[in-house]
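Only one chain comes next, encoded as structure tokens, the form predicted alone.
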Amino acid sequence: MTLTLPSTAPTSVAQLMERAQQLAGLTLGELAQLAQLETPEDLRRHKGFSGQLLELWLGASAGSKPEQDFPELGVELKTLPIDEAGRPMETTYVCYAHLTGIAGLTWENSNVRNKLHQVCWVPIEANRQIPPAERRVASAFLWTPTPEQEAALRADWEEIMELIALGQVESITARHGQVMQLRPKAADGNALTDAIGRDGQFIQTRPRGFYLKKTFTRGLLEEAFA
């Protein structure tokens, strides 16, 4: 079978997953070469490369918009760097966190819930000893949160958002949350954005993002490949 880049977005979840499964076993270098792209030698300086390459091969349309990567299907695409034992090597970025204008925001209408409503996970070898071009794509799997998983995500989101609303964003650490955490999210450490201060005033702080903890995504992998 000869792989060719899709010219259109997938029209069904089944077609999306079929495309994703066709990539299993191929390396990032092979996929980049077929797409006439160069594979960076250091992915730490090009953190988005793997995700952008897969978006290309799967026909994603959303880009960086605050919606799922496949909005017509209601599916988000997430790559998951794994070690040689199949364990996640890092936390998984979900989306930016709103630090102002959050009155009336609920879990049901939050972007975190929207992004995690249904996810196509694509694990990728990420052992530091393997050159990026030789890292293989593993078998993709589709995930929808169970009621218990959604309850855990919701509890963490509500705890973190309450602290933000109370002007305590600067006191939130990566230890907050059982399955999800809030961390600074900016390519440039000098980037600042508005947030609510302890006295209700606007302050300047680093942008924040929601991340799934490794223990949570490790459980998803174990469920998918048990």
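Heads up: residue numbers just count along the shown sequence, starting at 1. The structure presented is a predicted model; accordingly, all values stated were derived computationally and were not measured.
What comes next is about the form predicted together with the DNA, which does not appear here.
Asker: Residues in which of 139-147, 101-109, 77-85, 152-160 have heavy atoms within 4.5 Å of the DNA in the predicted bound form?
Answerer: Contact-bearing stretch, as computed: 77-85.
Asker: Residue-level contact is defined here as any heavy atom of the residue lying within 4.5 Å of the DNA in the predicted bound form; does Gln36 satisfy this criterion?
Answerer: Outside the cut-off, so no.
Asker: In the predicted bound form, is there a heavy atom of the DNA that lies within 4.5 Å of any heavy atom of Thr27, even though the partner is absent here?
Answerer: No.
Asker: Answer with yes or no whether Gly197 is in contact with the DNA in the predicted bound form, where contact means some heavy atom within 4.5 Å.
Answerer: Gly197: no, not in contact with the DNA in the predicted bound form.
Asker: If you check in the predicted bound form, is Gly51 within 4.5 Å of the DNA, heavy atoms only?
Answerer: Yes, Gly51 lies within 4.5 Å of the DNA in the predicted bound form.
Asker: Would you give me the residues of 28-47 that have any heavy atom within 4.5 Å of the DNA in the predicted bound form, in order from first to last?
Answerer: In sequence order, Leu43, Arg44, Arg45, Lys47 come within 4.5 Å of the partner.
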